[in-house]
Ligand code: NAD
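Quick heads-up: it's one chain on its own, the form predicted alone, in structure tokens.
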Amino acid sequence: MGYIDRARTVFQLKNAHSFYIDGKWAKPSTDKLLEVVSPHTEEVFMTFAEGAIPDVDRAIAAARQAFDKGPWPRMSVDERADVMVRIAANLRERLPELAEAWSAQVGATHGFTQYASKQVPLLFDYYAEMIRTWPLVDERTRDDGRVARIVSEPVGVVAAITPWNAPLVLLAYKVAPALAAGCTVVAKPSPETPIDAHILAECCEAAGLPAGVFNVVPAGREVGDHLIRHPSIDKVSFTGSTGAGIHIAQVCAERLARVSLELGGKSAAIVLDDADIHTALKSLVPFSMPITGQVCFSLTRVLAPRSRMEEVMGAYVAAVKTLNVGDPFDAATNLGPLAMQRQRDRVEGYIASGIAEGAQLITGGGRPQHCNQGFFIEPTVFGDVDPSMKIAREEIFGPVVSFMAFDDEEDAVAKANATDYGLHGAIYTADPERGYRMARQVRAGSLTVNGMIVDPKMPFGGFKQSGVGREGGPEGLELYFETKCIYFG
């Protein structure tokens, strides 16, 4: 089926009402459908088959058979890499669809999705080349002169569970290294954003990926819970909320299944006393509210010296007030809508909490008057925020930024670390080495000195309740291996 949204968004999906299982498009076990809602028109624009437990059981069985008996784990690394390069080429051809699907489902601006979607084929090419030279066998000499071989073997059948905010990018971070390692995959995309995973399945099919290696069943929480508990799943790789991640970790611990978790964030941007604020704003403004704040690494807490607070916050607010809120397909738009009604309700609840707890609402806080449909909300800035306030402690997942003053470097680090999260952060300073020294003190998985960078070829993940493990880079491939030691007597 094809779909055109107001003559702008075109998807060519032939199998929206089927699941990709065991190398073919399979009929669902029920007639239940998922409705995909446009966040900027509030209209249903596509329907997909909704997975049930029998459907995911078929997918798990196919992945298990493909791993235990199929060719994929037994191919040479070059053969696997060649298939992955073909998948990347197919994805690259469909980048316009992928960008438009992301904007249509989530409300992310089309300019952003056109740029960010390029990470998807990049990840498949990157891990294809990495596996060609990965040291799968390391021979070591023992004290008695005899040898042992340390072997990296694929972990097995992987459940890849992904959220709605960046559907295919986050799925590619899991699928590409898993396939490179020789694993098989059951993907459960979010029920709100199933388009991207279907396109990936079509690209895998066209590339000649063996049957059962990659399977897709969009479904809700009940099916997801069944998936993580299934004894045939060797590893769960999850991106999503910290609450869901804690539940998954507990379930996996019961049977000692391998698990990696990329979870929430409450990242701090520390503007030091020697920083040039106008230079800082170039990255601080867009990355405090990327995808309308619906990104785990958003710089939602801005820490500024007490002596410069008025200057820093004033410049930031002035820049935020120039942002255009509206149609994500309009090139002039800087912020699209939130992804869904419940997300806007959540954000509005946090804004009300900030006001009730005594934070100063500097700008925003309401719905844009010119947007009479869609899940829009104004970019919102709070001042006089105390680290104990709810808006300073909890992940809002919306365009809400809190400003907090600090007295010196020690106070800045203490306030940056005053959170249960530890995902990302930024430090702005005229002295990069000073920024590096501060970055070493912040309890976060990655930080940027003078800018905002997330590079898929580098490890990404968090301390504390921001997760377990790292995705991207060589560390992302290591997640999908088990280590075996073979001694020679």
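Given the structure is predicted, the values throughout are model-derived calculations rather than measurements. Residue numbers here begin at 1 and follow the sequence given.
The protein also exists as the form predicted in complex with the named molecule; that form is not presented, and the subsequent description refers to it.
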| property | result |
| --- | --- |
| Proximity to the named molecule in the predicted bound form (heavy atom, within 4.5 Å), stretch among 409 to 417, 163 to 171, 273 to 281, 92 to 100 | 163 to 171 |
| Ala405, Gly425 and Gly445 each touching the named molecule in the predicted bound form (heavy atom, 4.5 Å) | no |
| Asp138, heavy atom within 4.5 angstroms of the named molecule in the predicted bound form | no |
| 4.5 Å heavy atom contact, Gly220 and the named molecule in the predicted bound form | yes |
| 4.5 angstroms heavy atom contact with the named molecule in the predicted bound form for Ser241 | yes |
| Residue contact check: Ser190 to the named molecule in the predicted bound form, 4.5 Å heavy atom | yes |
| Position in contact with the named molecule when the complex is considered in the predicted bound form, options Ile248, Ile391, Cys203, Val186, heavy atoms within 4.5 Å | Ile248 |
| Of Pro399, Pro121, Gly265, Gly374, the one that lies within 4.5 Å of the named molecule in the predicted bound form (heavy atoms) | Gly265 |
| Residues in 268 to 296 with any heavy atom within 4.5 Å of the named molecule in the predicted bound form | Cys296 |
